[in-house]
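Form predicted alone, single chain, as structure tokens, below.
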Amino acid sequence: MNQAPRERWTGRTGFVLAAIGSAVGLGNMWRFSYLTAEYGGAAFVVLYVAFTVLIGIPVLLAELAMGRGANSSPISALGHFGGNAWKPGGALFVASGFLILAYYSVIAGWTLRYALVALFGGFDPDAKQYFIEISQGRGAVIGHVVFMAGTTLIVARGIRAGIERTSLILMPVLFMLICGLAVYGYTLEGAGAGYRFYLETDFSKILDAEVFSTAAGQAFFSLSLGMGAMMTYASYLSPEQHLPNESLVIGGADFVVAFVAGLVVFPLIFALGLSADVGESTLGALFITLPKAFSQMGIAGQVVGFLFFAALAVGALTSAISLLEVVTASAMDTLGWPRTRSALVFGVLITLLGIPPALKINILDWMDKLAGQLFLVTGGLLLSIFVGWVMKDPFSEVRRGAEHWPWFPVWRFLLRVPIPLALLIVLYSFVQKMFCE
């Protein structure tokens, strides 16, 4: 086994920014605003915030407690607290990260392609045909390989020199880009219609079972839960970190970025009269409707489009780093491999696995349903049951650095009853969509 001392974050800022970077990715930067518009506007936001507080943050705290307490990645962490019988549960987390990154990097490659197009030539007016051409085939493979090469290089450099340093640079850049674009969107004529579409309130939809499960699922997914990323990052934490506070900061920042991203997207679409182009496909609206809007804006569209897709690429990179770190750290902990070897071997394997979804977008869609939905919810359900019922004394770990935090009994109650029930509803909804539609 690997006997080298475990790496540590240099401080709280590096960890928090890296964890926020893991949570803030392509999914919540676009998917949240799209779902908000589709499922009741402000009513969906209320539900989302409620589920973030009642599901997302408690499960996030559970991941942080397990990772720091075991001082290891998911497989070893579940073995540490539950014995060898629970190690396959940790393997599910690693498999989720492995599979998700294989197709996630394909989508991230598209963002790089669009950013370069904006920078050097401008967007094609026939945005739909352009997306069909670049979303699968040789160009998509090249974008995927380039993105994975960058991700692997950063993870191979380690926690401080690679992941932390990258997060300290890129996350402030991401925040500035998103806020700057939101301010620009506010200045556009017709932005008010976009805001109304985004936040039009229909509280009757709160009682809709589909809206309920969608909001719960989005709150869960947007925090990168159920795939071991937060658990792995927490394994590099020092004992004095206040885990409840860190959970609140990460959850709050993730919501703010997701919400502000909607203040960018819909003013742009409505200001240019493209609201009818917002269809049922989230990817289509992101990679077809918005580029079409940018193409109509001339030089300004090139600048705004470049900044927008650059922001997406940054969010994709920080999330991808956390996914590869789960797999890399697990190889280090269970196989005893050094970091460089672990990152390079699994970076190459993930790159190879990502070639089929890069060649055919239907494969990408299938992998997203399997790993990005089914595996994640199953992993979160497993984690809540494990910490709620199996782990002997989760309070002792969470109390380190947070002795006076008063909500420990409420936290464990949520993990024991309401959260498993909510995740079972979400899981049932996904299974129905996958196999019954």
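Don't overthink the numbering: it's just position in the shown sequence, from 1. These numbers were taken from a predicted model, which means no experiment stands behind them.
This protein has a second form, the form predicted in complex with a small molecule, left out of what is shown; the following refers to that one.
**Student:** Only one of I385, L26, A70, L374 has a non-hydrogen atom within 4.5 angstroms of the small molecule in the predicted complex; which is it?
**Tutor:** Of I385, L26, A70, L374, the residue with a heavy atom within 4.5 Å of the small molecule in the predicted complex is L26.
**Student:** Pick from S235, T152, T111, S222: which has a non-hydrogen atom within 4.5 Å of the small molecule in the predicted complex?
**Tutor:** Flagged contact: S222.
**Student:** Counting only heavy atoms and a 4.5 Å cut-off, does the small molecule in the predicted complex sit next to every one of S213, A216 and S429?
**Tutor:** No.
**Student:** At the 4.5 Å heavy atom threshold, is A77 in contact with the small molecule in the predicted complex?
**Tutor:** Output for A77 is no: heavy atoms all beyond 4.5 Å of the small molecule.
**Student:** Flag S167 as yes or no: does it have a non-hydrogen atom within 4.5 angstroms of any non-hydrogen atom of the small molecule in the predicted complex?
**Tutor:** Taking the distances in the predicted complex, the answer for S167 is no, it never comes within 4.5 Å of the small molecule.
**Student:** Heavy atom to heavy atom, is M227 within 4.5 Å of the small molecule in the predicted complex?
**Tutor:** Because a heavy atom of M227 falls inside 4.5 Å of the small molecule in the predicted complex, the answer is yes.
**Student:** According to a 4.5 angstroms non-hydrogen atom cut-off, is I250 in contact with the small molecule in the predicted complex?
**Tutor:** No, I250 is distant from the partner.
**Student:** Would you point out which of 360-368, 227-235, 292-300, 119-127 contains residues with a non-hydrogen atom within 4.5 Å of the small molecule in the predicted complex?
**Tutor:** It is 227-235 that comes within 4.5 Å of the partner.
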